[in-house]
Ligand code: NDP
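Only one chain is given next, in structure tokens, and it is the form predicted on its own.
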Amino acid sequence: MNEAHADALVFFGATGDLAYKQIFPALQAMVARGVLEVPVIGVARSGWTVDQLRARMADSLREHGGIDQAAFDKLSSLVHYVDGDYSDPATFTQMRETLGSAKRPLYYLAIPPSMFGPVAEGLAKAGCAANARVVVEKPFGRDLASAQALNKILHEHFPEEAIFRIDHYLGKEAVQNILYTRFANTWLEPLWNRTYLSHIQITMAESFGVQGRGKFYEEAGTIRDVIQNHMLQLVACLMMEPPTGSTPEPVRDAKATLIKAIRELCPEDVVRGQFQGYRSEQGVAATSTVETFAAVRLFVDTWRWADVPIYIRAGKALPVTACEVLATFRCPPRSVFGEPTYDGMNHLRLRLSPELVIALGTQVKKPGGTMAGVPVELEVMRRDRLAMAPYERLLSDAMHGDATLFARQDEVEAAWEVVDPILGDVTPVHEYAQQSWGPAEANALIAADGGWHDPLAHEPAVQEATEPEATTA
């Protein structure tokens, strides 16, 4: 094991929803690949034993991908459990004893942000913070002020280079492929700018509702839940300048620079919606104005991207579950063959989920004696199965100390600066029917650029998903 590799993994919130849906399957996969061979210590305040934790781990794996018996047996032998309150010093004393000779532990805080402070302080007082790394989950704050306060708390006990702010979206193979496709091919770079691109739009749609997460969603809403983090990180990957190297800091420098150049949103650039029936969900206020849908119009104030609008819509109870980027090229300057030109006749389409697709929209001649065309897509690549799940990739990277796919302090705070002016009830919330594309007001936001692209236009590629994202609550 090299000196950068963590020699123990401790995850707080071991009996929670996130561990059940994401962490246990990731740990089994890491063991199967031979990249996890150190003690794994679960910490929670559930009154459990280690055998109960192993039983829950088995239940999790049966439900989420299946049990690999050899990998499961090895993982079970690595697993330990510490039960106790996060505010009790005895919990951290017991954890220190369980760590044994480990000197470079990785702490994963799969817990609500309100507990980051007590856990960080407990680790420091027990002598567990030195030479350690800490992984923290989103949401990282509720606004700029709270994010800055969380950073201050963590920095009291951990240096910035030891803090790994996880956004599982960055662990997706499709998102990583955006960076690779952009910077490993010469054909795209000359076209990827304001001279040739008219606008970019991103749709992140979920066909399901909040599915029992009403209390969490009341505290978050779509802007906090996915726009501030997933979507702005995706914008950074799409529009950042080439990094000066492939090591973590040049990549994160380029992303941070791009996010800092995004113009702060104003009420005229956002439409919020709430699906019919949301207020009847358990944990939701009868008069709730929390959005389950948001459409925003962004501008990046750089030389490359000046005046190119980026449209984002994200929401729940929409017609399909999919994430897709459509970059539309400008129309030809004139029609050589007497046909009308239209915005969208040439485009680059990136399907990020549920499968990975890269396709080019182009015009080709119709067979026959006339010079008339028809739009077609040239499919560059299609991949239906991802090689590595996001949490498996991200936890493996954190164990090795590779921060490339983790958000840095300045990235997170810059993203909050973009959305801060539109948080809360600054704009009205419009009701929309379930399985529709959100409120009609969202269409006006993008009308000048031809309207929203419909991911359903590319069936049968879309496959429905039914499971919501796990939470730390």
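What you see is a predicted model; the values in this text were computed from it and never measured. Each residue number is its position in the shown sequence, starting from 1.
Only in words, not in the display: the form predicted in complex with this ligand, which the text now covers.
- This form has no room for this ligand: after superposition of the C-alphas round the site, using its pose in the predicted complex, 3 or more of its atoms sit within 2.4 Å of a backbone or C-beta atom.
- In the predicted complex, this ligand stays beyond 4.5 Å of every heavy atom belonging to residue 252.
- Put simply, residue 112 is close to this ligand in the predicted complex: some heavy atom of it is within 4.5 Å.
- Interface residue remark: residue 430 is not counted as part of the site for this ligand in the predicted complex, having no heavy atom within 4.5 Å.
- Of the heavy atoms in residue 445, none are within 4.5 Å of this ligand in the predicted complex.
- Between the options 281, 397, 269, 137, the residue in contact with this ligand in the predicted complex by a heavy atom within 4.5 angstroms is 137.
- Taking a 4.5 Å heavy atom cutoff to this ligand in the predicted complex, the contact residue among 436, 52, 46, 409 is 46.
- Using a 4.5 Å cut-off to this ligand in the predicted complex, each of 21, 213 and 391 places a heavy atom inside that distance.
- Heavy atoms within 4.5 Å of this ligand in the predicted complex are found in exactly one of 24-32, 57-65, 38-46, 421-429, that being 38-46.
- In sequence order, 84, 85, 86 are the residues of 82-102 having a heavy atom within 4.5 Å of this ligand in the predicted complex; the partner itself is omitted from this view.
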